[in-house]
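First, one chain by itself: the form predicted alone, in structure tokens.
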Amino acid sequence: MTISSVRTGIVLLIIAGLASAAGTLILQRPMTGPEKMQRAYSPAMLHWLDTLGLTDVFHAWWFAALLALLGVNIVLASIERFPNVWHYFARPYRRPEAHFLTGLPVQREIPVDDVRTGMDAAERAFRRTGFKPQRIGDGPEASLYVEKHRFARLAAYVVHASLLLIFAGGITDAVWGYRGFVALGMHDETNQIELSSGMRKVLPFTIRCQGAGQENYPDGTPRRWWSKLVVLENGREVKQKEIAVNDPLVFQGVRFFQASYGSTGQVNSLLLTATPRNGSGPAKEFELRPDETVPLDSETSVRLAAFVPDFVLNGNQIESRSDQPNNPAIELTVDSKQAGTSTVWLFPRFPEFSHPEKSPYAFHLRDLQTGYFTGLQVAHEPGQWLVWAGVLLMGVGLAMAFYFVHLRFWVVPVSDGRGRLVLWVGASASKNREELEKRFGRLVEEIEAGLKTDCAACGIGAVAVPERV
């Protein structure tokens, strides 16, 4: 079994198919986050999957080598067989030899009185059935040749060329392409992404998130994530676009896809109401942000000390179960010249809960704005144009193979061995023998009908000789 053999090609194609299936069934980095990978596979299994490159199959060195080997097999096999096919294509067999006349499976002999009458009748029959015959030679040595869809003989090589383009695109992506992930908060910007290998890739430009959000269905389930992205070069905005899951931003061959969206677990702003405990004045509504102190009166100010998005008490420790604001807890520090410094805890989900405090104000949460991040999948796939070109070319090759049949017809005046002049009519097709025989039968009927019409004036009839098989 050599590298150019069909058997080798089939084996390599099966291995490539299994590798592609593995890349589909096994979770792939970086599309799948580290936490999900750790939940899906045990540490030992994940270690082996990473080591073997099965968590990033289409960028693994062995997958590129497999495609290259399969491409070499196709090239060598084509070089070995193409010269004969090209000779067959470039120099069609228009004038058959004697051995060909006896060996062709689909043929018929039709008696005629003279060469010119028979050839004219055959030529008219071809034209009536939609063919354009070529007359080869002249006089007693004349013959007719009809051919249709000769290009169908090259269908296999068009498919081979399409596979080579697809493999070249896959190798280009595996060697020079990359996939990564980056998470940006509101108004954050970066020129680095994290690759599936854990390394960081520096981009030749900067990407900034101008905004992001989530649209929900009436039942509350997510319907759409979106992000407003801005591309900067040398500090100057050069492109901006609002992306969604299937509508990426593309810049310098790098695609940014919307992959995820969620809370950062940090608070952006609080809208609070402060009511004097002694009833000396009206309630005051104010906005409070991290690292900001807001005066309530000439002697009292408040600042945000801590924010717990999903509060849970684990023994004596305050923890957060998630980054989502499911059960927020807010710690405020109130500084007063009269009462000193006091701590106030707010639990918006449980407003009835309170504890002793010496703050001169009672606080009530009106609104809570938390920080959100947008998760972007980043892909640079320079070989995709080759892949798509290969896909289109494969469509052409398959159409040539399945929808076009190479048809050939010959008409040669010969002697039938008993001294009678006959028209030898033969046909060949690259496939679909049954359809060929039907078309051949109609053609012979047309020729016989034409001969009878021509001979009616002189009272001579034509008698068909049974088909030779």
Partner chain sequence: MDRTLNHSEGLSHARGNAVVALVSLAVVFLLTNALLTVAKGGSLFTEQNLLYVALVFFGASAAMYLAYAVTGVERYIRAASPAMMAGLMATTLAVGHRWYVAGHPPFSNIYEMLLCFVWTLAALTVWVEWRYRLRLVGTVTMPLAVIGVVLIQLLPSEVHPLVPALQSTWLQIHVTLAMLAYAGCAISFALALMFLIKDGVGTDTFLIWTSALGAAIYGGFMTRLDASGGLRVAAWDPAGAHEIFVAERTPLMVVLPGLGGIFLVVMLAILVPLVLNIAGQRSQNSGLRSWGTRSFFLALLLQVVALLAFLVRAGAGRYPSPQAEGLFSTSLAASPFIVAGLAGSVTASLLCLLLVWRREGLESMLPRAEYLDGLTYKTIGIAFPLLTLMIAAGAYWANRTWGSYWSWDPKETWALITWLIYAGYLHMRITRGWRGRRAAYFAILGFAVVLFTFFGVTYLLPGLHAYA
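Residue numbers count along the first chain shown, from 1. Only the largest set of C-alpha atoms that superpose within 1.5 Å between the two forms is called the rigid core. Every value quoted in this text rests on a predicted model; they were computed, and no experiment measured them.
One more form of this protein should be noted, the form predicted in complex with the partner chain, which is absent from this view; the next part is about it.
**Student:** Based on heavy atom distances of 4.5 Å or less, which listed stretch (362 to 370, 187 to 195, 240 to 248, 122 to 130) is in contact with the partner chain in the predicted bound form?
**Tutor:** Looking at the partner contacts, the answer comes out as 240 to 248.
**Student:** Check whether residue 175 has any heavy atom within 4.5 Å of a heavy atom of the partner chain in the predicted bound form, and answer yes or no.
**Tutor:** Output for residue 175 is no: heavy atoms all beyond 4.5 Å of the partner chain.
**Student:** Would residue 230 count as a contact of the partner chain in the predicted bound form, using a 4.5 angstroms cut-off between non-hydrogen atoms?
**Tutor:** No - in the predicted bound form, heavy atoms of residue 230 and the partner chain never come within 4.5 Å of each other.
**Student:** Check whether residue 449 has any heavy atom within 4.5 Å of a heavy atom of the partner chain in the predicted bound form, and answer yes or no.
**Tutor:** So residue 449 does not count as contacting the partner chain.
**Student:** With heavy atoms only and a cut-off of 4.5 Å, decide whether residue 108 touches the partner chain in the predicted bound form.
**Tutor:** So residue 108 does not count as contacting the partner chain.
**Student:** Which residue, 82, 257, 307, 89, has a heavy atom that falls within 4.5 Å of the partner chain in the predicted bound form?
**Tutor:** Answer to the contact question: 257.
**Student:** Work out which of 93, 286, 205, 388 lies within 4.5 Å of the partner chain in the predicted bound form, going by heavy atoms.
**Tutor:** Result of the distance check: 388.
**Student:** May I ask you to list the residues of 148 to 181 that have any heavy atom within 4.5 angstroms of the partner chain in the predicted bound form, in sequence order?
**Tutor:** Counting only heavy atoms within 4.5 Å of the partner chain in the predicted bound form, the contacting residues of 148 to 181 are 160, 163, 169, 170, 173, 179.
**Student:** Indicate whether residue 31 shows a C-alpha shift of 2 Å or more between this form and the one not shown, with the rigid core used for the fit.
**Tutor:** Shift at residue 31: 2 Å or more after core fit.
**Student:** Establish whether a shift of 2 Å or more occurs at the C-alpha of residue 132 between this form and the one not shown, with the two forms superposed on the rigid core.
**Tutor:** The answer is no, as the C-alpha of residue 132 shifts between this form and the one not shown by less than 2 Å after core alignment.
**Student:** So, superposing on the core, is the move of residue 321 at the CA at least 2 angstroms between this form and the one not shown?
**Tutor:** Comparing forms between this form and the one not shown, the residue 321 CA shifts at least 2 Å.
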